[in-house]
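Shown here is one chain on its own, the form predicted on its own, set out as structure tokens.
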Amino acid sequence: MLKIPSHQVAGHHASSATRGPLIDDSGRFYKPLQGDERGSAEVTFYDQFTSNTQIPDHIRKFFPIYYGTKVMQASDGSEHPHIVLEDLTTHRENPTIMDIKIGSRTWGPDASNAYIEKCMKRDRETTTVKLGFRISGLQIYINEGVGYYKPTRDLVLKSSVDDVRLFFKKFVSSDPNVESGMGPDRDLASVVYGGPNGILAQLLELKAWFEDQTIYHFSACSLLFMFEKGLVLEGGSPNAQVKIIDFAHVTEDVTV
């Protein structure tokens, strides 16, 4: 049975009127191909990346597992190709997640002038120009009774620099009321962001490869930060994880 991902925090959401990602019970994520060259570009990247022996194993762990493509039928009988990927939340009970669009330029080298103008407008309206990234969406697990704090897409995208700083604090707050006037406590920062297996250590490992590799030009990708808040509050490991996603604007470096 296919269903709408319950932990999707950014991107197009599937509905009766909109084509969006779906998941199944086997841990697979079905992402509709974009209708223009972006869809084929992402498939090309995954095909090439999966078979590329130059990619070290310690870097592959940051990328979703790729299972190829599949043509799927919608409820109206129409068919559309999908990229089949690993569902990154399938083994998580109550994940706290943040989706971050990285880079101060959010278009690929072959983008049209019209598309560049569209991207530049969004980049100026968000923190992309000021910070070199923007938060695209997030959900923060509070507790079993309350569920999640999940701000709207508009609220997240309209964030100021100070708002972004506050979201990063809320992300690692142990306070069940993240909207409290007292502000987030940041009690979980040392185990989620810090430590040898924390988000910062993983980002530094990924950064080192990006600075050294000459295989691809990465543009307009996103980072997912994930951890299990419930486990931390019970004294366990947060299982913090960084993943990089969205490769519609990645191109191979043909000069190498």
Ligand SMILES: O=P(O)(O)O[C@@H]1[C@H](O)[C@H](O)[C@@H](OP(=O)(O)O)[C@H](OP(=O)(O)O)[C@H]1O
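The first residue of the shown sequence is 1; numbering continues from there. Remember, it's a predicted structure, so these values are computed and weren't measured experimentally.
Form predicted together with the named molecule: not shown, discussed below.
Figure legend: unbound chain with the named molecule modelled from its position in the model of the complex by local C-alpha superposition. Site open, with zero ligand atoms within 2.4 Å of backbone or C-beta atoms. Although the partner is absent here, Y149 is not a contact residue: none of its heavy atoms lies within 4.5 angstroms of the named molecule in the model of the complex. Although the partner is absent from this view, L157 contacts the named molecule in the model of the complex, with a non-hydrogen atom inside 4.5 angstroms. The named molecule is not drawn, but in the model of the complex it has no heavy atom within 4.5 Å of F168. Under a 4.5 angstroms non-hydrogen atom cutoff, the named molecule in the model of the complex lacks R124 among its neighbouring residues. None of 204-212, 184-192, 33-41, 50-58 except one has non-hydrogen atoms within 4.5 angstroms of the named molecule in the model of the complex; the exception is 33-41. Residues K101, Y115, K118 are the members of 101-120 with a non-hydrogen atom no more than 4.5 angstroms from the named molecule in the model of the complex.
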